[in-house]
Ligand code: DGJ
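The chain below stands alone, shown as structure tokens; this is the form predicted on its own.
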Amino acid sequence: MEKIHLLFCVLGLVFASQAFAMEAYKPGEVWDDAEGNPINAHGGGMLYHEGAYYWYGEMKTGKTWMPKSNASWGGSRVDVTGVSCYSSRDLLNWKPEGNVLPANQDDPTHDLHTSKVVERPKVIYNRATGKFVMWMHIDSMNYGKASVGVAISDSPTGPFTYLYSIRPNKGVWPKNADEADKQSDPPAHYVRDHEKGQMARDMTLFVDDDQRAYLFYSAEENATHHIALLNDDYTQLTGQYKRVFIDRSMEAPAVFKRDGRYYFIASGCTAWHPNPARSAVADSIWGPWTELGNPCVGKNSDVTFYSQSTYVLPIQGKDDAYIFMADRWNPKNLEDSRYVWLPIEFNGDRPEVRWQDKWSTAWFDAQPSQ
């Protein structure tokens, strides 16, 4: 009887794993992890390390509510829980690795306190130090702090140790500024932020082929983007930065490289509500950047298929294969926000994203050379 009982237990585990196995992406639908629970990794980013992908994101858990300070622009929230991590080798089935940067429950002054804002975590690996480095948007409940935070770990699955937050480039003018940046009458907010550090909200990280790493972030009340070079260990800024997309009001940046050229995808600034995506291309990370318009094509492209960009993922081992990762926010129930992953194709140098009800990475194998 014991052997029969054991056999049924084993069969039960097999059937359970098969029940939760994913075979294709279904954008906008509930996406369960390997344990059968909805994946909770919003505003996230991806790291590929030693044959595995690691997906980091905001944990949206608990009641969605509206602080009075945010009511005018619709800034609903859930209390901070931490940063989640999931691992996968096929980009479809994700093992939960837990809360790798938990919220602080006790100290209201701490950057990670439940009352604060922790958004858009991105993790990169430093080959020289062997450390995994996370940068994220750190803010106060009313979004007045407008800073970036840094944490490090010896493992991709954490735990991460929080280091500090900062408003970037305090007291520093762009070191690599061209004449167009040296305005005789720069905006008042830029002069103000020069003295106490530049505002930083939505952000992403990009590591180039030479292992130099860059922070892209919305600055100057989200009106202008900044690109800043990180130091050799990726935990600090060097002071070298540039203002780009001046007065274009973009957030949710995603950056990738293809055939030696740099691509940028972002959204407009309409809080939780979707809007047309933006795209741009440059021959240098510092620009000049040429805007290419909305990369989304077809029905609902004017609202980015009811989603907002968060990351562009190059697929390892596939030629010219990139996934557009986006969040479909539910501002009335943020815990029920969904994910929209779609393949990117190219029309010349222009990235294009089309809706797919159901697809897998085999889609790339079926496409003609781009």
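Just so it is clear, the structure is predicted and the values come from calculations on it, not from any experiment. Residue positions are given as counts along the sequence shown, with the first one as 1.
The form predicted together with the ligand exists for this protein as well; it is not shown, and the discussion that follows is about that form.
Problem - The unique member of 223, 285, 103, 271 whose heavy atoms fall within 4.5 Å of the ligand in the predicted complex - result: Of 223, 285, 103, 271, the residue with a heavy atom within 4.5 Å of the ligand in the predicted complex is 271.
Exercise for the section: Name the single residue among 187, 75, 174, 276 that comes within 4.5 Å of the ligand in the predicted complex, judging by heavy atoms. Expected result: When the ligand is considered in the predicted complex, the option within 4.5 Å is 75.
Problem - 4.5 Å heavy atom contact, residue 122 to the ligand in the predicted complex - result: Because no heavy atom of residue 122 falls inside 4.5 Å of the ligand in the predicted complex, the answer is no.
Practice task
Verify the contact flag for residue 308: yes if a non-hydrogen atom of it lies within 4.5 Å of a non-hydrogen atom of the ligand in the predicted complex, no if not.
Solution key: Answer yes; at least one heavy atom of residue 308 falls within 4.5 Å of the ligand in the predicted complex.
Exercise for the section: Please run the contact check for residue 202 against the ligand in the predicted complex: heavy atoms, 4.5 angstroms, yes or no? Expected result: Output for residue 202 is yes: heavy atoms within 4.5 Å of the ligand.
Practice task
Could you confirm whether residue 251 comes within 4.5 Å of the ligand in the predicted complex, counting heavy atoms only?
Solution key: Contact check for residue 251: yes, within 4.5 Å of the ligand in the predicted complex.
Handout entry: Listed range touching the ligand, judged in the predicted complex by heavy atoms within 4.5 Å, from 294 to 302, 277 to 285, 113 to 121, 257 to 265
Key = Of the stretches listed, the one contacting the partner is 113 to 121.
Problem - Partner contacts for 128 to 153, taking the ligand in the predicted complex and a 4.5 Å heavy atom cut-off - result: Contacts from 128 to 153: just 143.
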